[in-house]
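There is one chain below, alone, in structure tokens, taken in the form predicted alone.
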């Protein structure tokens, strides 16, 4: 069966892993970041920069790659307080965009989670599996994104092509 779905491998993005309490990170870098998401496993966005709340005291910031140096200088990981950690991880993840009428059908093949919008809302993000690999899954108005460790990018691209064919 062929699905009405489009997949696209996204280019690299500026990514930073932040660990620490919301309050401490907000005091250190709040003016650099989008507003903190309302709850766990959600994301927020401001001026092309997204903030993912992916675990207890764990956040990921994503911005266009062209903003990486500016973002790093403003987050200032080398001088951050000892109770937070800020690490650039830009080259560690590969993102894939999955869109189209049959997106949920293809995502059901890729991922064990219930991704129906009544459960996995419009700003949802979580770690799970995609095709048996650790993955970050994000919902957008037009579909989903899947992020996997960069070394598995070619494999996931192949799996997505096979899943929609």
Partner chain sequence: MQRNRRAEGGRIDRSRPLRFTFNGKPYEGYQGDNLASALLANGVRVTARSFKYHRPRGIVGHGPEEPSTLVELDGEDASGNRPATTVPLCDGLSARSVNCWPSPGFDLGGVNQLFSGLLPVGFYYKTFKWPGWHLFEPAIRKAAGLAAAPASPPASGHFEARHAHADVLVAGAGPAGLQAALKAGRAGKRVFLADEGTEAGGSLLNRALTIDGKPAMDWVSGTVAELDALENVTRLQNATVWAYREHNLVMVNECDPDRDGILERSWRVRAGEVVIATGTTERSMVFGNNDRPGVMLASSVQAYLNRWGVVPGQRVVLFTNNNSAYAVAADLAAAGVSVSAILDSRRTVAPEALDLVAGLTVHLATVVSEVRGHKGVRAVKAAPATGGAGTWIECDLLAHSGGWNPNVHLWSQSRGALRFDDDLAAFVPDQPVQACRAVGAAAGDLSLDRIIEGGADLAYGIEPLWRVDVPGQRGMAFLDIQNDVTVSDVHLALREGYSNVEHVKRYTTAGMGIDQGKTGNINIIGTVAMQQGVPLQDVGTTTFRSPYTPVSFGAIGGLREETVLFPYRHTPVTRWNKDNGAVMYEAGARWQRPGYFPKPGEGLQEAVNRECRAVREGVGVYDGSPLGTFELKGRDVPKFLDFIYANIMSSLHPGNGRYGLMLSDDGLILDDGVVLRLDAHRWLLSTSTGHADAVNQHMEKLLQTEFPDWQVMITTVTSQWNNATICGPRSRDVIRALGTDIDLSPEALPFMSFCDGTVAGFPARIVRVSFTGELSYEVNVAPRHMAAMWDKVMEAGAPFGILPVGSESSHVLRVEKGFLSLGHEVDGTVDAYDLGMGWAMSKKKADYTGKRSVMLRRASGRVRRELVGILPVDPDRQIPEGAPLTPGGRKEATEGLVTACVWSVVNNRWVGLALLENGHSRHGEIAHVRMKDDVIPITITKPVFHDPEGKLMRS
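Numbering follows the first chain given and starts at 1. Values in this document were obtained by computation on a predicted structure and should not be read as measured data.
If you look for the form predicted in complex with its partner chain, you will not find it shown, but the lines that follow are about it.
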query: 4.5 Å heavy atom contact, residue 112 and its partner chain in the predicted bound form; finding: yes
query: Contact label in the predicted bound form: residue 23 to its partner chain, heavy atom within 4.5 Å; finding: no
query: Residue 133 within 4.5 Å of its partner chain in the predicted bound form, heavy atoms; finding: yes
query: Heavy atom of residue 50 within 4.5 Å of its partner chain in the predicted bound form; finding: no
query: Partner contacts for 99 to 125, taking its partner chain in the predicted bound form and a 4.5 Å heavy atom cut-off; finding: 102, 105, 108, 109, 111, 112, 113, 114, 116, 118, 119
